[in-house]
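Single chain ahead, written as structure tokens, the form predicted on its own.
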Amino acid sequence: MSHRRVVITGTGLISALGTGTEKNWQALLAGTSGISLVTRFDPKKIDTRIAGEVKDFEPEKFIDRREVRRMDLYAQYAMAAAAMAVEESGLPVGPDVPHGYTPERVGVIVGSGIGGISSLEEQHRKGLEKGFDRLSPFFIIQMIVNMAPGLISMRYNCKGPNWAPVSACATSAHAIGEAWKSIKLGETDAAIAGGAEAAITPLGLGGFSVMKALSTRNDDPAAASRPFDKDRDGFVMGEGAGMLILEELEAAKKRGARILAELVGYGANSDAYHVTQPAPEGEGAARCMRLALQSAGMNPEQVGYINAHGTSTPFNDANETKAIKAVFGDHARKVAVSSTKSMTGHMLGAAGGYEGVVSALALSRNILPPTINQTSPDPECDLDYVPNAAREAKVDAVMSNSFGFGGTNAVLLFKRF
């Protein structure tokens, strides 16, 4: 691929820890859990009654009130996180803007694992009660996943590639990786990339619950998400959005942008093994990490911190640990690994975007967020998971792992700029 370099200049975060990058970052460093009992509907018939709901989101701060009613919650999160990222970066688009990017050269690649599920539930209920000729005319556009990048591109006049990857929990890592690739290849000069999810609904929670994928620690929500801990019993659903602004280095420098980190590597592959379980020994995940290192021309020893997929499920955490050992060898003992899902819950299609932002911040601010709820070590998970408290550390490169149902894997590699 070409010698073009890609840097991160803006971020936007929404999660159970709050709305805004700074609010999230401070909560992560404090080791705060955003997990609580579900309030949006009555979950009493579902085995799992806890989730990481966003509690402070005010869509009108980011979107015109009339528009809000026409958008599913996942698209509202996407729009809001993109607005934060664009504002932080000062991304200039348009011929009449000083140092502005040509609109045709700015892409928007933003995905969602599930999309507008609350709109789907609501309109289905309405159809059964009042007839299917009485549905909202906005129903289809509320439900489809590519509405998020579509709306963002319209707001910011981005006329480059505009699409939505859908790859379960690897979705927004794929979005960021593909945006990186498009800038590297010279197809675009800048991109808004990431993902959003709002699937804490009766269908969403109920569906994951009957799969036996979720934690049932309903009596202690804050301690339910415990990646790499011996007593983990499944993941906790989260929601929100994570968005990054990616720019070609020379163009970003020319306009005097503040650069947080450089995105240097991306791996994407498949386990080709099982619909929900990772391949034995984390074989696919290990291959994917190697692909990311290879694309960056880096050695494993250069990576100082891994933001793990770390879902808090028995299968994932043990296999991801094995994969890290397979790739990093002796260095696996020296590299810090943590899972911010211990605090946000698993944000599904938004996880990779959220964790991509966290990776860039860990590099630029020299501090690593912890894995909370580390109370009983699992002999199978024996790496340095930055237990319970954030750690000051200056690292030169950060790897971010995202793996999804269907055996799909995506790994991003960030470097200190």
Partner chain sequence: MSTSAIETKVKGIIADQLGVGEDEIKPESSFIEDLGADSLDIVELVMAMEEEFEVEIPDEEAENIKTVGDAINYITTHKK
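Residue numbers count along the first chain shown, from 1. Owing to the predicted nature of the structure, the values given are computational and were not obtained by experimental measurement.
Keep in mind that the form predicted together with the partner chain is missing from the display, and what follows is about it.
Exercise. Can you pick the stretch from 377 to 385, 25 to 33, 64 to 72, 364 to 372 whose heavy atoms fall within 4.5 Å of the partner chain in the model of the complex?
Worked result: Partner-contacting stretch among the options: 64 to 72.
Exercise. Which one, G297, P95, P137, G256, lies within 4.5 Å of the partner chain in the model of the complex by heavy atoms?
Worked result: Looking at the other structure, the residue within range turns out to be P137.
Exercise. Just one of M84, A268, V335, I141 has a heavy atom within 4.5 Å of the partner chain in the model of the complex. Which one?
Worked result: Contact residue from the list: I141.
Exercise. Taking heavy atoms only, is D219 within 4.5 angstroms of the partner chain in the model of the complex?
Worked result: It does not: once the partner chain is placed as it appears in the model of the complex, D219 has no heavy atom within 4.5 Å of it.
Exercise. With the cut-off set at 4.5 Å between non-hydrogen atoms, does K130 touch the partner chain in the model of the complex?
Worked result: Yes, contact at 4.5 Å.
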